[in-house]
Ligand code: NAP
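Below, in C-alpha cells: the form predicted alone, a single chain.
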C-alpha cells in the first residue's frame, strides 16, 4: 500500500509538472490576511500555493496584512483575499481554494498563465460588444460540485475583457455575512453590477448573454456558421446512463459523443455518500462521477456546458446545441430527471434565498441554523442526515404517516434524533428577502401552524426531463416518462432512451445498465435499421 501511494504521488507530481510546463507566463499572486481572521481559510490558501510552488517557479506569492498600503489602494478589507496577476487582470478570491474549488483554482492558473480565455467563438463575440464595465460576483462553496463551472465562466470573461470586467469569487463559508447581504443562500449564484444574472451553473454562452443583458437569459441562439460535428450517435445527458452508453457505443465501433448541459454525473454529483454501488462500500457521489467521467473519456468525446435546443429527424438527424450542430445517425436521450418542485406559494419567489434542493451544495451555509427537510424517501433521509452531521438543526416533514426510505437509513435517522413531523404538508413558505418560516397543515386534523426556520430543503422526487422527447413527438407513459420497448427504442425511429427518464427504479446501477443496453441495441440497429425493414413491409 505504501508503495502504491508513493507511485500515485509521483504520478500526480508528474502530471502537475506537465500542466505547468504548458503555461508560458508567470502568475503572480498576492494574498492578504489578517492574523486571527478566518485563519483556517488563510492557512488553506497558503498550503495549496506552497505545494504548487514546490513544483513550479511560474507561480509567485506575496503576502500582506490588511493594513498594508496595497490593501488600501485596491480596496481590500477581507481576510483572506487572493489577488491574481493584478498588473493584468481584476480577479480576486475572497476565501480559499478548498474542496471542489481546487478545480477552479487550477483552471484559473492555466487561463491566466496563458492569458487566453478559452471561450467559444459565440461567447467571444458577445463579450466583444460590451461597452460598459461589469463587476461580477460569483458566490461559491467548497462543497458544491456545480460551482467551478460558474466560477470559471467568470474567470474566462475577466481574462477576455480585462478593460471592462472585474471578478470576485466569494466563498460563502468564509464570508457568510456577504452571502446574507446578497441573500445568496444557494450556490452558485452570479451577480453583475449588483444584479443577479445567474442562479446555478450556466453554459458559457448563457452566462455571457446574461452578463451583457444584466439579467438572466434562458436561450442563446448561435450564429448559423456554428461548427458542425458528424458522428454515429449523439448521447444527450452525461449522467451514469449517458456515460455508460458512450463507453459501450465506442467499444462497439460507433463514433459517439456525449452532450451535457449541466454538471456531469447528474444527480449523483450532488449525492453526499453512495453506499449501494457495486465495488464501493462507501464512496462520495462526486468521487464516483469523477471515476465514471475519467473512464468514459478514454472512449468518447464529452461536450459539457452545451444544451440541446432542437433535434430535427431525418435519414440523418440534426442536433443543434448552444455551441454547435451535430449530424448523427441516431440519438440517445439520457436526460434524466430534475428535482421535483413543491409547488407551495413562496417557493419560486424565495428560490436561492433559503430554499434548496441540494444539501451538499448549500448545507454548510446553514450550520447552526434551523431548516426543514421536506420528503420521506431515501434522498430526503440521506440529505437530512448529511445536514445533521454538519451541524444544521434539521426537522423532517412528510405528508404520510411513515417514511419510505430503506431500513438502514431509518435506523440512522432514529439514532440521530432528527425529529419528523408526519401527516404534515408545507402549504406556504414565508419570508420577505429570505426564508423566515413555513406554514404547515396537518392532513388528519386540518390544523395549521407556523414553524420558524432559516431554510427549506426539498427532496420529494424527480420530474423526468422529457422536453426533447415531447418535441420529437415521442410517446410518453401515463406517468410522464418516455415510452420505450425492451431495446430502449422510443416511438420515433432512430431515437432511444436510457436511465431515469424512462422511469422505473431510479438507481445509479440501473441507469448504467440501461445505458449499456441502449448502446448495444443502437449498434445492432445501425447495422440493420429496423425502421427500414418496417417500411419494406
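None of these values were measured; they are calculated from a predicted model. Residue numbers count along the first chain shown, from 1.
One more form of this protein exists, namely the form predicted in complex with the named molecule; it is left out here, but the text below deals with it.
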**Message:** Counting heavy atoms only and using a 4.5 Å cut-off, do 371, 388 and 414 all touch the named molecule in the predicted complex?
**Reply:** no
**Prompt:** Among the candidate residues 189, 149, 321, 382, which is the single one with a non-hydrogen atom no more than 4.5 Å from the named molecule in the predicted complex?
**Reply:** 382
**Prompt:** Looking at 90, 161, 353, 398, which is the one with a non-hydrogen atom within 4.5 Å of the named molecule in the predicted complex?
**Reply:** 398
**Asked** Which one of these stretches, 35-43, 484-492, 49-57, 500-508, sits within 4.5 Å of the named molecule in the predicted complex when only heavy atoms are counted?
**Response** 500-508
**Asked** Should residue 280 be classed as touching the named molecule in the predicted complex when contacts are defined as heavy atoms within 4.5 Å?
**Response** no
**Message:** Please determine whether residue 375 contacts the named molecule in the predicted complex, using a 4.5 Å cut-off between heavy atoms.
**Reply:** yes
**Item:** Touches the named molecule in the predicted complex: residue 342 (any heavy atom, 4.5 Å)
**Value:** yes
**Request:** Give a yes/no on whether residue 406 approaches the named molecule to within 4.5 Å in the predicted complex, heavy atoms considered.
**Result:** yes
**Asked** Can you name the residues of 462-500 that have a heavy atom within 4.5 Å of the named molecule in the predicted complex?
**Response** 462
